[in-house]
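Only one chain is included here, represented as structure tokens and corresponding to the form predicted on its own.
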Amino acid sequence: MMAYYLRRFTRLLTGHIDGPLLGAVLLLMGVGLTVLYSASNAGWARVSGQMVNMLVALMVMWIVANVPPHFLMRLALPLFILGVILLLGVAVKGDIVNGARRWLNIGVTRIQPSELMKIAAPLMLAWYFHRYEGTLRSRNFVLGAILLLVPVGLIARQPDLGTAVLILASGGYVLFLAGLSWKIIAGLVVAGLAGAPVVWSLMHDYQRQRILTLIDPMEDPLGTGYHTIQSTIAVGSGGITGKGWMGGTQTHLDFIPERTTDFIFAVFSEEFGLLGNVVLMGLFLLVILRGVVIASNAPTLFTRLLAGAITLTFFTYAFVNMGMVSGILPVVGVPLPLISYGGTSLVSLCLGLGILMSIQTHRKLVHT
């Protein structure tokens, strides 16, 4: 009898968990804790805090993995509407922190509604295109683009250009996977390039300065160019094999800014070198490839679009952060997924990974 209940309990815990995906996630989290310990100068409080964040994120991932995709589909529209309402609330009465209006005080705590949109936007678009699967026309893609641009515009206005770009990318992946014509994509690219001067004029001074700093960080080496210069020095000084764990001079002499959050990849590169970076990218690739497999095996258009968008968004997170730290992309507030310190981004990432697990483990229950 005891063995029977033990089997049922084990099945309850692991029945909707995708083993390969969970394994890659846990390995990346282990790497994150290891490099965070060094980046925080052996600060156990920082590491223990991140452990708590990881436990919460893993719990969220497990809960979402047990939610059937058809129930997630029902949540798409109300979740999107709630997110837009909260973003409007931020625009009207949001708290200003460091010159940006991104937080909303709801009495017991402050929330950042833009984080909700990282999931709500692709979820909404996947639901919309699934609903019109048999009758997709150009007008559907136009309306889908409008649905996407509403939250993106509200977030860019805060201003939070990094998050706005990530949500634009996640929604854009849904449009692409739903069958958006290459001719339209090429036209949008041309239109974007043509409208670059207008976009430039609408950008805030600090945003324009980030792009100018990318071109020539030495123009202001102790100001706007400092982050890029110090991070690229750390990445390059790691060489092939790195300086060893806890042995990074740029890190422990406090040259690398934000080294536990956005620039933690610079710490990792300095201490583990090119070989360590190859291993790290291999772990990221495992998550991405597993996501691609889940998307390709998904039984419905909704689940295919959602799984594909989540996977490509995860890739975008990693690519943008590594590009930013390596000096090939402007500095934006994008953490390295599952590695950087922080609870909000970690929970939102694991929520997306939980959706991937739900799609994979519930697919046999869907009649095709």
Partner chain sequence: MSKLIFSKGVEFRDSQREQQQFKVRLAALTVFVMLMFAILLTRFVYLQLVQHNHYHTLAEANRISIVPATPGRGVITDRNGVQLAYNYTAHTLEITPSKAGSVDDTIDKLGEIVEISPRDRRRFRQLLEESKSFESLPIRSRLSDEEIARFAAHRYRFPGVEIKARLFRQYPQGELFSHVIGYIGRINQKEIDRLEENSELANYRGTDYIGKMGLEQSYERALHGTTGVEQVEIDSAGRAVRLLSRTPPTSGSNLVLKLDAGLQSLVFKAFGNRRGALVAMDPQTGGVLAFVSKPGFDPNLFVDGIDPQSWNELRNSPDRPMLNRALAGTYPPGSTFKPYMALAALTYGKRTPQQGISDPGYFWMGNHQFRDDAVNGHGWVDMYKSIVVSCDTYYYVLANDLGIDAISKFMSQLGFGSRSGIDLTGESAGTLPSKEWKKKRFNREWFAGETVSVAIGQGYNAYTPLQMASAMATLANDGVMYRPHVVDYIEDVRTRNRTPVEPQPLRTLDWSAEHIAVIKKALVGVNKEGTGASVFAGAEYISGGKTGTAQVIAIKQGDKYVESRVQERFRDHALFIAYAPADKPRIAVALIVENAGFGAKSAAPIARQVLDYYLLGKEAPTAAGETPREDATR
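Positions refer to the first chain, counted from 1. None of these values were measured; they are calculated from a predicted model.
What follows is about the form predicted together with the partner chain, which we do not show.
J.: Please identify the residue among 210, 227, 101, 243 with any heavy atom within 4.5 Å of the partner chain in the predicted bound form.
T.: Flagged contact: 243.
J.: Pick from 66, 326, 34, 40: which residue has any heavy atom within 4.5 angstroms of the partner chain in the predicted bound form?
T.: Checking each option against the partner chain in the predicted bound form, the one that comes within 4.5 Å is 326.
J.: Based on heavy atom distances of 4.5 Å or less, which listed stretch (157-165, 114-122, 68-76, 172-180) is in contact with the partner chain in the predicted bound form?
T.: Flagged stretch: 172-180.
J.: Residue 151: heavy atom within 4.5 Å of the partner chain in the predicted bound form?
T.: The answer is no: residue 151 has no heavy atom within 4.5 Å of the partner chain.
J.: Give a yes/no on whether residue 254 approaches the partner chain to within 4.5 Å in the predicted bound form, heavy atoms considered.
T.: Contact with the partner chain, yes.
J.: Is residue 315 close enough to the partner chain in the predicted bound form to count, meaning some heavy atom within 4.5 Å?
T.: Although the partner chain is absent here, residue 315 would touch it in the predicted bound form, with heavy atoms inside 4.5 Å.
J.: Examine residue 305 and determine whether its closest non-hydrogen atom to the partner chain in the predicted bound form is within 4.5 angstroms.
T.: It does: once the partner chain is placed as it appears in the predicted bound form, residue 305 has a heavy atom within 4.5 Å of it.
J.: What residues, if any, in 130-158 have a non-hydrogen atom within 4.5 angstroms of the partner chain in the predicted bound form?
T.: Residues within 4.5 Å: 133, 134, 136.
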